[in-house]
Structures are given as C-alpha cells and as structure tokens.
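Take a look at this single chain, the form predicted on its own, given in structure tokens.
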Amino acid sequence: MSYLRAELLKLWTLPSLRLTALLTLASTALLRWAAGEPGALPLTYTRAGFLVLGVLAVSAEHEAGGQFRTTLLAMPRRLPLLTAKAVTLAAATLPIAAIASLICGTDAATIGYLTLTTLLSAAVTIVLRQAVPAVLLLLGVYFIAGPLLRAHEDLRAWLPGDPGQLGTALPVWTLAAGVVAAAFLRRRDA
C-alpha cells in the first residue's frame, strides 16, 4: 500500500502532468467543436497528449537530478514499484480519458484505448529513460509509421489503431512493453 501511496503522491505533485492533462482536454474540446459532430476524430490528434502524459510520469524521475535513485532506496523491490507506477498512472489517466471521451461522444472503448496508450508510453519511457527519445519514438509510431503501415492489409491487425478501435493489438503491445520494461528495470542499475 505504501508503494501505491508514494507513486500517487509523486504523480499528484508533478505540475507538468496537470498542465498536460488540461491542455489535452482543452485541445480535445477545441477540435471537437471544430469537427462539428461527435466522433473519435479529435482524439486521433489529441492522443498525443496521452502519449506525453505517460512519458512525463516516468521521465520526471529520471531527469530530475537522479530522483529515481532515491525512489529505489525507499522502495527497493522493483517489480512492486513498477506495478504501483502502472496502477497509479492508470488510475490518474482514467478520469482524463473519460472526460475526453465524453467531450467527443465516444464509447468506453475509447477510454480503454487512451489509458492503454498512456501505459504503453510509460513502459517505453522506462526502457529509454529520457523524455525526448521516448516522445519522438511514440509520435513516430502513432502518427507516421502507423498510418503508413495501415495501407498493408496484413499489418493492419498488428497496429495500435485509432481511438474508438481498441481491438487486441494495443493491449498486446502494452503488455509486451510492460514485460520489457520490467526486465529492463529489474536488471539495470539506477
């Protein structure tokens, strides 16, 4: 329980996360107004905010003067630490995703899609440890490689897809990235 409380306190006190969430919701509302009708189209663009949210939740500890070493001193068991990070980030993302889904008039699959997108970006950031490479990689996959590869019928089922199309690929990607992140976190020095 102390792992969850500590991770929740860290997330709650990061101003960059609150600002990212507010900007994501504001841009979602603006794009929804510009689109003129309900649908997941605005979230196709503002999912970038959810990617950044996951990256900032993890990278803040690695880039802020080695704060992650202090975290490992206080919470030395790494897998429970990773689990606590994932649970608290999901709990923090769910209301934001629900509000974004309400703004756009989409269903619960969109909430799952946005939450899994945030968790996937956090797992990638645990592996890369830095915000800029993680954001560039994730934006490249979601906004450049994904749309280009969707033209191939054979690859379409293996791509994360768009908001409103949760499918099975994104949960599998998120789980796989979580396993890789756990392996890196367990074996690597702080």
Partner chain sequence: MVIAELRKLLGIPTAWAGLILGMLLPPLTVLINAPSTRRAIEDGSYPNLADLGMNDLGIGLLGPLVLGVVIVSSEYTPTGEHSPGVTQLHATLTAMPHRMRLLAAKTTVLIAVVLLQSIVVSAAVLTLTRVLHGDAMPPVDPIRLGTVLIYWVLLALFSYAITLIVRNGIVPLTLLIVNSFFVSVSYLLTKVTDLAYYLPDIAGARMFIRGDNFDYAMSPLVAGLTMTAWVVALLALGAWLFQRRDA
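What you see is a predicted model; the values in this text were computed from it and never measured. Residue numbers count along the first chain shown, from 1.
Keep in mind that the form predicted in complex with the partner chain is not shown, yet the notes after this line are about it.
- Think of it this way: in the predicted complex, the partner chain has a heavy atom of just one of Leu159, Leu128, Val135, Ala60 within 4.5 Å, and the residue is Val135.
- The shortest heavy atom separation between Gly39 and the partner chain in the predicted complex exceeds 4.5 Å.
- At least one heavy atom of Val52 is located within 4.5 Å of the partner chain in the predicted complex.
- Although the partner is absent from this view, Leu31 contacts the partner chain in the predicted complex, with a non-hydrogen atom inside 4.5 angstroms.
- Within this chain, Val124 is remote from the site of the partner chain in the predicted complex, having no heavy atom within 4.5 Å.
- Residues of 65-79 placing a heavy atom within 4.5 Å of the partner chain in the predicted complex, in sequence order: Gly65, Gly66, Arg69.
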